[in-house]
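This document opens with one chain alone, in structure tokens, the form predicted on its own.
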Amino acid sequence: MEEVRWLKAMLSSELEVRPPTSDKKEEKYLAGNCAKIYRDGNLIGYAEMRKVGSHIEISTVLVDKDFRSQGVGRELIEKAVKQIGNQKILCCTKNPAMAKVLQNLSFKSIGWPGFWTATILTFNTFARLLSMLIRLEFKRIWRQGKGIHKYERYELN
């Protein structure tokens, strides 16, 4: 239950990622297809992985603020890449620090991820927007929307 509290707190404070859901759904996310990093038995890093078209997307990357700039983000992405294995990996970000991590791990900036992948990404974006509208999360909508043109897509083959 401590991990669920940590994840929900991180999702609540980080407006650039998906909004938190119920405890039960967050437990499923934590037990599902994700990479986690621990220090002294405590969760400090988390990333979700999901199938998006012909790619596996690494999304909702979270690092506890007390452990940032210490290589945890890189460790988390490396762990996710290992778990994914030999598949095309996609990561979308507008965060310069995350972009640098991805570039250092041989991810290449791409323009068009392919029709099917782009379609699913667009659908997911609209579904998230609808969810945030229903929850009246206007601050999160503003934060995510104002820099949407700055998102870059990175791929690892």
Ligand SMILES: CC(C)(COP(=O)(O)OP(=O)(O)OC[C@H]1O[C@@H](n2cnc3c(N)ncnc32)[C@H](O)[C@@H]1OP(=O)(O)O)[C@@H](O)C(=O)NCCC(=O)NCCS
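Numbering starts at 1 and runs along the sequence shown. In this text the structure is predicted, and so the values were computed from the model without any measurement.
There is another form of this protein, the form predicted in complex with this ligand, and it is not shown here; the text below is about that form.
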property	result
G32: touches this ligand in the model of the complex, heavy atom cutoff 4.5 angstroms	no
4.5 Å heavy atom contact, L90 to this ligand in the model of the complex	no
Interface membership of N42, this ligand in the model of the complex, 4.5 Å heavy atom rule	no
Contact label in the model of the complex: S106 to this ligand, heavy atom within 4.5 Å	no
Per-stretch contact check against this ligand in the model of the complex, the hit in 93-101, 48-56, 111-119, 23-31 (non-hydrogen atom, 4.5 angstroms)	93-101
Candidate site E14, Q70 and R74: all three near this ligand in the model of the complex by heavy atom within 4.5 Å	yes
